[in-house]
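Have a look below at one chain only, the form predicted alone, in structure tokens format.
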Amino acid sequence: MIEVSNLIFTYPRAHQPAVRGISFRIEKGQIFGFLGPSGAGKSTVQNLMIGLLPMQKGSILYDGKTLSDMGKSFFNRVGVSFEHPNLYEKLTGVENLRYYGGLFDKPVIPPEQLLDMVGLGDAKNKRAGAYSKGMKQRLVFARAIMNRPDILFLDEPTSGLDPGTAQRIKEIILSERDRGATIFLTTHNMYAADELCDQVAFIDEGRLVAQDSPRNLKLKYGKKAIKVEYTSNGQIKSEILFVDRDEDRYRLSQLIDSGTVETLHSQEATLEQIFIKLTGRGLS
């Protein structure tokens, strides 16, 4: 379990803190989504959690232990995929992974196997500097999972990927969770968060503004309504019917019994709409 309590961080010469009293808890085996626009503080929180930034105020505990308590053993337990790929560009894809794998005090997944998993098998002997943005993103992701981490930090892991490749990466993320990994996912992609996350937290201007499961957030802030499209006199018509009204439930039953219904759509709010409602601005 990961416990973050009252985290506050201010960059040098900044007038306002980048992170303002953030607290949350992540249970073992969860995918925890951290949603917010660029500059909201997502990456700052991640960098504090992995020790790339020094603690100023607050605490971060992993199963009751701080990063100082765990020392170097912490780095055998974690994997990190950064939004902006940091690679040795003069080395090939497979050489990057071989070098990185040699830093661990535990067995790692063979580099060739990892590259096949993320669709880079044919480019394994190509210099990383010649990779496209999406290829670099996949290589950094492969590097993050090669030590079979207990805790996986993923910063915009599907950024710049085509839909098919993004789906492959999401399937691997879910398999990592099923393996037992705890995953901290920072993103402004509401669709990826909705599809992947067990819990999501909204961050805006360094503050946490909401936290719950995607389903509970949509139920809380969405409409309990159904949009019905049906045919009438050869034309398509639509109505919004609220399921907590007796008259609307009766009307819905009438339409269904008539056999004229073309489509039914629930009117639940999207995570993007909820974020806008709470903060006044979008995730993009």
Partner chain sequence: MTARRGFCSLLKQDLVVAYRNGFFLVVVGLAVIFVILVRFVIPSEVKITPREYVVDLTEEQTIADLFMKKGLADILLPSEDALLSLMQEDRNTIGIVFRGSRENPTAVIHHQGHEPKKALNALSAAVSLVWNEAGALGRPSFSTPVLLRPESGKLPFNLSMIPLLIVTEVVLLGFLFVAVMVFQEKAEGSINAYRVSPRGTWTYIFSKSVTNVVLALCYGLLLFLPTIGPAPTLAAVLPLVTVASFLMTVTGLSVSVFFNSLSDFIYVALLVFVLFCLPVASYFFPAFKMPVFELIPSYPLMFGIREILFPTGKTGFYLPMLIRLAAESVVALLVAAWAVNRNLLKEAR
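As the structure is a prediction and not an experimental result, all values here were calculated from the model. Numbering follows the first chain given and starts at 1.
Heads up, the form predicted together with its partner chain isn't pictured, but that's what we're talking about next.
Interface residue among 209, 174, 91, 109 relative to its partner chain in the predicted complex, by the heavy atom within 4.5 Å criterion: 91.
Though its partner chain is absent from this view, in the predicted complex it lies within 4.5 Å of a heavy atom of just one residue from 259, 39, 64, 54, which is 54. Comparing 176-184, 209-217, 94-102, 154-162 against its partner chain in the predicted complex, the single stretch with non-hydrogen atoms within 4.5 angstroms of it is 94-102. Put simply, residue 138 is far from its partner chain in the predicted complex: not one heavy atom of it is within 4.5 Å.
In the predicted complex, no heavy atom of residue 167 sits within 4.5 Å of its partner chain. At the 4.5 Å threshold, heavy atoms of residue 47 reach its partner chain in the predicted complex. Its partner chain is not drawn, but in the predicted complex it has no heavy atom within 4.5 Å of residue 191. Residues 72, 75, 76, 80, 82, 85, 86, 87, 88, 89 are the ones in 55-89 with at least one heavy atom within 4.5 Å of its partner chain in the predicted complex, listed in sequence order.
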